[in-house]
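We begin with a single chain expressed as structure tokens, specifically the form predicted on its own.
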């Protein structure tokens, strides 16, 4: 038993509040701190080659060169690195990550980006085309998500840098509205434990108390439990369509009605599903209501750079009314530099990405999104069926295209490592231990689904036949899933981030 396991077993027997204080105290003892660091370093050492594969072939650039390198030389080096990294995502071995990836589509977006490389919507007088593109993106996304239905005639929004910014903007907006209209100084947001960590980042950044509520046995938000946690300081509730971990859609209708009756905001996080679920419904799949057609839904997030097939990174945050959106804006009226305003967190923003997003949406059109969704859902059905036929794993819940699976007979994190050895970049989950695959257009290529199932079957057989190996992600995920006190895991993740920045 190593130091981390011993300490965790000891702390697990204590009252959580007492254990938290003991954990913090123990970490300040030099011997304990040294043992923890030793265990962390052992765990991370096995990951270093994967995180820094070019150390032996490409010199690190630790300071500016005395003279600039030739452009042709730089381009040649970057093309070589891109060429080494492309096959995995191009051939469909990645969960999510690249959602379209067709060479012609990528070239088209690159050309659009090059045309607009200098554009910045902060200077609307210089690049009015970018503000036109952004307004169109918001309008097209809103129309796809229920704008124009009764009570949703004024849906509006802003283009952000990604799903995390969209979520943070929405939470900041609810905080500021509650402060202005209800004089709430200690705001709270109620969300299921499955909601994205971006909500916790928003809470940490904006002084919001995040109340996390356990999900039900179907991995969906528990409506009665969430309703019970709504109080006088609640400014918003949250649901996902679908949730990232298990790919299931929360009961948005019931949750948003709780919010509507209490006079608070409700945010549907459709970062993953915003550009899939509307088309899945048109194709006849059982998709419950989740968008502005529900009167209680007051904001949404939808990622254009995922299944909207735009370049990374753009997303859209939508609001039911312009009055709500205005609480998102930042304005400065007394700065000596002049009048200043910005719609989101950034001041300058890359107009090239907004232009490429507009181009991707217009080039795809409804027919393109319908066809892509049809292919994705058919492939996901094939993969779910294949997993259900394996004896040692089972699918969690009833997902459409984000497939989480776990096992009661084998260590699923070791399966994750064996799949990685076969080239697959999947996502490890915790509480309970699981792995998931987010199905994209890359997986609809001929033979990819069959290859995934074949490799999964072989990985399961290997895990059952071989003793535990050292290294890989299994120890890290195993620690995260079993240690009851999150300070230990948090320290490990910070060391992981430190490792990324080592040249």
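Numbering follows the first chain given and starts at 1. All values reported here derive from a predicted model rather than from experimental measurement.
The form predicted together with a small molecule exists for this protein as well; it is not shown, and the discussion that follows is about that form.
The single contact residue among 164, 342, 381, 233, judged by any heavy atom lying within 4.5 Å of the small molecule in the predicted complex, is 164.
306 is the sole member of 177, 414, 220, 306 with a non-hydrogen atom lying within 4.5 angstroms of the small molecule in the predicted complex. The candidate stretches are 363-371, 236-244, 390-398, 257-265, and the one lying within 4.5 Å of the small molecule in the predicted complex by heavy atoms is 236-244. Contact check for residue 88: no non-hydrogen atom falls within 4.5 Å of the small molecule in the predicted complex. Using a 4.5 angstroms limit between non-hydrogen atoms, residue 272 touches the small molecule in the predicted complex. Of the heavy atoms in residue 196, some are within 4.5 Å of the small molecule in the predicted complex.
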